[in-house]
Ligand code: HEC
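A lone chain, given as structure tokens: the form predicted on its own.
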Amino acid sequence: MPLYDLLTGPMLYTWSFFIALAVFFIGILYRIIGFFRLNIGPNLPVFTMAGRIKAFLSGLFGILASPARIFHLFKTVILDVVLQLPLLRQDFLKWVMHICIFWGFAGLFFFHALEGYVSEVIFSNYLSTLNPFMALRNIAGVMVMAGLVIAVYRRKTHFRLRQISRRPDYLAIALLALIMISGFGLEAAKIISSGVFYEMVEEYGSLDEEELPALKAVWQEEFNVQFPGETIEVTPELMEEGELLNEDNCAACHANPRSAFVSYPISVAMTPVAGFFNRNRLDALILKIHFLSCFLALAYLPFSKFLHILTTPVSLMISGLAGQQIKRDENRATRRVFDLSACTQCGTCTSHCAVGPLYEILDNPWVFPSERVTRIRESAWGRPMEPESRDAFSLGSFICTMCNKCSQICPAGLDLQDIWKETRERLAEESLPDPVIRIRDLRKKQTPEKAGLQTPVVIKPGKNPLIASLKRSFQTATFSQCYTCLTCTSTCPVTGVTGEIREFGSAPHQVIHALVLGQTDLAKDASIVWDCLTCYKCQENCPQGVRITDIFYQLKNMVYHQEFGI
């Protein structure tokens, strides 16, 4: 077969479809294997892939063997997956967006793309050119386009979404928009195409040459078909004859396209350039664009955020059945990897994150939960992190307060809390522990003599800029009110466990007294500052209202800025 025919004829669609389908299945198989092979968190304990598959099948059998759990699963599918009620309770506009894209695209996929396997089986009289199928196809397309418009609007106007939106997000929107726009354009081009009309007459019609003008008149006037270079004298007699011919030869398969309420107006708008379209058979070009964009999306799906179309419903079912209470470690390891692929990057967790505002101070995108999910997923699937980014990622991971709000509000049902916990343990294993611990150890290594009593305390004359900055702060200006009554030390659980306050820096009152004396270096290096549990007992019990815990926070912030320049 000549290469030209292969690239322009029907074989183009056949070969491109099977190639895209092969890439899709290979990608899906690769993902499924990864769910049971990859690990998030410390290297130990290590579960074999076979052991994790066995644990998954055991859990699945437990669900199928329980009528109560099957009923709960069915309820989860209806309420959470089909109707997406958790999303409705959070944000009505986002719910409308997801419903439009989800149901619109599902309708087009099953009842249009798979019409030979679904529509023709369900509807005995189905043809894509009949009503109500043309109208329903346009409704589904409009739903998807409306969802995409809302998606772009939200990402452009929502403060947090604008900060976390990346090229893959807009690429996914652009690819879906290309499929929808080319679909509407294809239908409109077919409506005005005289070439499509002649192909239909040649393949299905049984008309004499002298009958053809009458049929052309009807299709020109009522179906908006354009015949460039031909002048058809439309008369009542010709239209009457054409109506009879259309009823006998065409009406069973072709309804009036005006019910395609989007495509038909587009075809009317294309009428001035219909001659150019028909002479160059641009309907065939749009057909290629539409099919190839669909095949590209199919092949791209397993390797893109499109994968959540398949994984998010499963994640919602898992969350509906087990929540955050999966018991077997093997299944928890599998779920962590799976959840990373179920993330839709909707930004809900980031919008509600308690530490999200720190991005404005630190300019660290990994403060945002959604950004950490992306980075953890990329690392798990084999994309190593650049050395210069590891400290920033570690800071973003440990600055999280582990409040679990992100898991509770995640519309995809992800157990993000478990992912954060395991990621932190992995970072600590790689010598990237909590920044507070790292700074404490670093300070001890740099100035070990300041931690003990070997160095005499010397009152420094003049103004101390650190003391001045503390006094300017509402939270920390109260240290000068301390009269060392030791109430803070008596209520401190850290000193209560150690029982040792003879060494300087091991008790809260010593730090406050050092600040009163202007010994800021001693205060910053005090072990109690870095061992503080932030339980606020010292601050709550202080009879003078000294904000001891807040002062410790301020000291740690100052040291962090000194060490890392942030």
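Being a predicted model, the structure only gives us computed values, none of them experimental. Sequential numbering from 1, following the sequence displayed.
As for the form predicted together with heme C (HEC), it is not shown, yet the points below apply to it.
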Next item on the list: Tell me, please, which stretch of 242 to 250, 89 to 97, 353 to 361, 326 to 334 lies within 4.5 angstroms of heme C (HEC) in the predicted complex when heavy atoms are compared?
Entry: 242 to 250
Next item on the list: Give a yes or no for residue 153: in the predicted complex, does one of its heavy atoms lie within 4.5 Å of a heavy atom belonging to heme C (HEC)?
Entry: no
Next item on the list: With heavy atoms only and a cut-off of 4.5 Å, decide whether residue 481 touches heme C (HEC) in the predicted complex.
Entry: no
Next item on the list: Using the partner position in the predicted complex, report whether residue 389 sits within 4.5 Å of heme C (HEC), counting heavy atoms only.
Entry: no
Check: Is there a heavy atom of residue 204 lying 4.5 Å or less from a heavy atom of heme C (HEC) in the predicted complex?
Finding: yes
Margin query: Residues 375, 379 and 400 are flagged as a possible site; in the predicted complex, is every one of them within 4.5 Å of heme C (HEC) by some non-hydrogen atom?
Written below: no
Next item on the list: Tell me, out of 190, 421, 158, 405, which residue has a non-hydrogen atom within 4.5 angstroms of heme C (HEC) in the predicted complex.
Entry: 190
Check: Quick one: of 280, 129, 235, 271, which gets a non-hydrogen atom within 4.5 angstroms of heme C (HEC) in the predicted complex?
Finding: 129
Item checked: Sequence-ordered list of residues in 215 to 252 near heme C (HEC) in the predicted complex, where near means a heavy atom within 4.5 Å -> 215, 219, 225, 249, 250
